[in-house]
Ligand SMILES: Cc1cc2nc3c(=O)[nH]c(=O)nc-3n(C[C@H](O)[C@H](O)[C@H](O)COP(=O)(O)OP(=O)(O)OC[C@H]3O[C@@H](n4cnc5c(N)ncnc54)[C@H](O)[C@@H]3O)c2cc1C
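Just one chain follows, in the form predicted on its own, and it is written as structure tokens.
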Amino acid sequence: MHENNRVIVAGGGPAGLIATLALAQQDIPVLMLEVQPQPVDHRRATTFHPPTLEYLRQLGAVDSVIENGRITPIWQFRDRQEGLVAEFDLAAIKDQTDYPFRVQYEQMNLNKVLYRMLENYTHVDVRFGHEVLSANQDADGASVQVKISDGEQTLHGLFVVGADGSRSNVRRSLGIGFEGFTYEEKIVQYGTHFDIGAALPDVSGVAYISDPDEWCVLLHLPEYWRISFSSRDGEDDETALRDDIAEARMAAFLGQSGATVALQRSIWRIHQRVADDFRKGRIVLVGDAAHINSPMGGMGMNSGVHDAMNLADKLGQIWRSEADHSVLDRYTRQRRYVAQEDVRQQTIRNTKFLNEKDPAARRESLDAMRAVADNPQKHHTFLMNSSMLAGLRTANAMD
């Protein structure tokens, strides 16, 4: 087979790895290019929703996630002053999925599993230390300009998948806009081995805690608890990440001292952005290259996995001459709908719930959330949406 008869995947994060594996399992040659010199441990996304687990089962990668992750069927909305506001149990949608729970499992661990799986495919070429600078195309194929240690080179294929993150050079080279906004607040995140469950006995493994001045999110991972706070006005990043500041902040929240920072400390901005188009000719965007959103709801990485599976299916149809290139327009319609009308809207609502400052609006929001949790039908509908099942099914049914 000619070297250029392949798909080039730019980026070796979850979306790029999933796209590569899903293509490889259809006997499609893939060249995957990753800018880092080797796989990197990034403590980023941690939540795996039911449809993502279903996709991972399809790829043969779900067992490691479930066996090594923390299964979390129950999650909560809380208020820092009032305590529990609403509790949601994914067992309520067990009629809709084989995985009626979330799994808390760091994406870097999934990445390791996927890299190992790719070693079994001789038609997959993974190259580290390759920074994709741009993507181009003509009637016969697509190419990328790549920076390597000793210069630049051009690599050719039939299609290019841009999975190169929110600052995607692939997207920029296509001139595709990335409209949206950035929140003023940042997220300050600490990892701790402290037993938060003992300090807050009624807390679930996933809890979103509202407060007009300092909201926070709790995630119970297999090795530790991750606690994320909103940034404080006037506090610089270096100060926010100091041990004494972190310990005092956690003590004030937990009502007792003893929580220290372990494994992780980080700070970043929250963005809501969606690319104007997910496809231009033979070049297609997935994951953060196509959309980024507030992490409130744990939908970003999951959505990227769903992009990759959708696109790999359609590229497979083209490869087997079951469809022409117009099927990629359907990919854009389906996945841009999810990014714009489902994930974006849900994560904006979740963020607003956490940081609402107007007292009347806060009271209305808390009461509305309680009403949803207390009504079985609304509870079920809410879980179908927040688990990403409803949005995914609506999008996949679109022509």
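The numbering used is simple: start at 1 and walk along the sequence shown. Computed from a prediction, not measured in an experiment: that's the story for all the values here.
Missing here is the form predicted in complex with this ligand; even so, the following discussion is about that form.
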{"query": "G157, G191, G205, P295 - the one with a heavy atom within 4.5 Å of this ligand in the predicted bound form", "finding": "P295"}
{"query": "Position in contact with this ligand when the complex is considered in the predicted bound form, options A45, V338, L31, I28, heavy atoms within 4.5 Å", "finding": "A45"}
{"query": "Proximity to this ligand in the predicted bound form (heavy atom, within 4.5 Å), stretch among 193-201, 171-179, 209-217, 123-131", "finding": "123-131"}
{"query": "V161: touches this ligand in the predicted bound form, heavy atom cutoff 4.5 angstroms", "finding": "no"}
{"query": "4.5 angstroms heavy atom contact with this ligand in the predicted bound form for L366", "finding": "no"}
{"query": "In the predicted bound form, Q58 touching this ligand (heavy atom, 4.5 Å)", "finding": "no"}
{"query": "In the predicted bound form, L23 touching this ligand (heavy atom, 4.5 Å)", "finding": "no"}
{"query": "Residues of 11-25 having any heavy atom within 4.5 Å of this ligand in the predicted bound form, listed in sequence order", "finding": "G11, G12, G13, P14, A15, G16"}
